[in-house]
Every structure is written in C-alpha cells, then in structure tokens.
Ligand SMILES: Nc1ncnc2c1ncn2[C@@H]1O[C@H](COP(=O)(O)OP(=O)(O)O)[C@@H](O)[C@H]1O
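First, one chain by itself in structure tokens, the form predicted alone.
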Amino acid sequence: MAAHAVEIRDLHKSFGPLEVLKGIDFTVEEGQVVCVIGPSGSGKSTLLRCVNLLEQPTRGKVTVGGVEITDPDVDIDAARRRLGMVFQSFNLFPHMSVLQNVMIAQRRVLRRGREEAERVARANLDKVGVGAKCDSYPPQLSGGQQQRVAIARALAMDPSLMLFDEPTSALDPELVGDVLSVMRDLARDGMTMLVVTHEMSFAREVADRVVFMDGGVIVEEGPPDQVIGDPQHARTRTFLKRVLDPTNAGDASAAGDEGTGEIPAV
C-alpha cells in the first residue's frame, strides 16, 4: 500500500503554557489539494510549520512521503528538499534579481550548475507568468508578482508537496486573483498541496478536502461542498457566516474575532 503524501498523528504543539495544537490527526494523499480554514489563532499556520519542522512539535508524529520527519534521527535537510513552502510574506532577497532569487537555493542546496539552475528558474518563472521580470528586482514588482516569484522559487526545487500559508493575505484584493490562478494551475497539474487560506471560493473550487480548525483541534473535515456548502457543526456554520457575510457582525467571540490573544502567525 502506497504511503500517504502527508500523515499527521496526535500532533500537539505548545508555546510555554499555551497549547496551540491539541491532537491533530489527518492525511493528505498524493495529488490531493487540502485546504485548512478557520479563525485567526486556531493553529492553522502552526500546523503547517510543524509539517516541515519550522516548529518542533511537542508531541506526535508527522510523516511526509513515507519519511517520518519527527524522527530524531531523520536527515531533516534531505526531507525538506521534498517540500516547497510559500509564506504570507514573500521573503525575497531585495538586492538580487528575480532570476537570482530563484537560482540561489538550487545552487546552494541542490548543487546544480549555473546553466541548469538558470534553465529551471526561467522555466518556472514562465510557468507562473513572470518570465519577463527575470532581470527586475523585488522592490520593482507588485506584491502579486513577488508572490508568484516566491512560488517559482519553491517549484524550482522540484518538491513533491507544496505548503501554502495564507499566500494571498498580504496582497491588495486586485492582485489576489493572479496568485490563485497559479495555484489552480498547479492543482490541475497534479501537485500535492496543503493550503492554509481564507479564500473560500478557491477552497470550494480547487480543494479535494477542506479541514476546519478552531481552538487547536479539527472541528470538521470533508469535501468542500459539505464543509463549506452544508457544514454539519454549529461552529463551522458560525465561522462561515462571518467570513462569507462580513457585514453580519454576529457574535464576534464565537466567530473567531481577530483579537484572540493568540500568538502571531498561529
């Protein structure tokens, strides 16, 4: 039986006395797109960061492509080469050109020669629609263009799994569509993706499964038509009502208002 692309079992994460993840269990299959939704402070970003050990879990097991990355003896650098991650912020080097930004990790981590790294970089920049910007520098680009460069940089490492941590949250609304279009194309091409997002239309259209988190636990998961279209849990219904109809204030505390007191980027 083939290994899951991602398998998470009894995952816990605490920051001092604050327990952010309280026993997470789920899997992602090869070629699936799984979107994780939920209010700020629910543990979504921490979950994603635990998948590639940017945060060390307090307890539990994370397996990626059959390799347990929470095993103390694992070669984490080798395991991370299978993972591409795109953050809320673009994290591009402002003093390097777009082309250099996409080449540098290939050269230093994968030890690719200059010609091969440049060929792969140009191909992936073309793929995300910013091939004409190779000689530009990040400050000369719009936020949407910078995020597409960040996606190209991750793809250039030939990952088997892409992790997206609210990749459109820092963008002006008019720039969101270009980034989501790139992600739709990746999904169509069969890329395995774990996406933390507030873009409900994207989740409903592209996801194979939607996971709704609140308070460090999975409240509900299933196909998007079920979780977003016909949620079974009252907490999910409250959250979606607030997100899909922001003019309806409702119960801010129940809807997961931004002022949760949670640590940033959870």
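Sequential numbering from 1, following the sequence displayed. Just so it is clear, the model here is predicted, and its values are computed rather than measured.
The same protein also exists as the form predicted in complex with the named molecule; that form is not shown, yet it is the one meant from here on.
If you superimpose the site C-alphas and bring the named molecule over from its pose in the predicted bound form, 3 or more of its atoms are within 2.4 angstroms of a backbone or C-beta atom of this form, and that means blocked. The named molecule in the predicted bound form comes within 4.5 Å of a heavy atom belonging to L18. Using a 4.5 angstroms limit between non-hydrogen atoms, T197 is distant from the named molecule in the predicted bound form. When the named molecule is considered in the predicted bound form, S45 lines it closely, a heavy atom lying within 4.5 Å. Put simply, P224 is far from the named molecule in the predicted bound form: not one heavy atom of it is within 4.5 Å. Looking at 202-210, 64-72, 232-240, 37-45, the stretch with residues near the named molecule in the predicted bound form, meaning non-hydrogen atoms within 4.5 angstroms, turns out to be 37-45.
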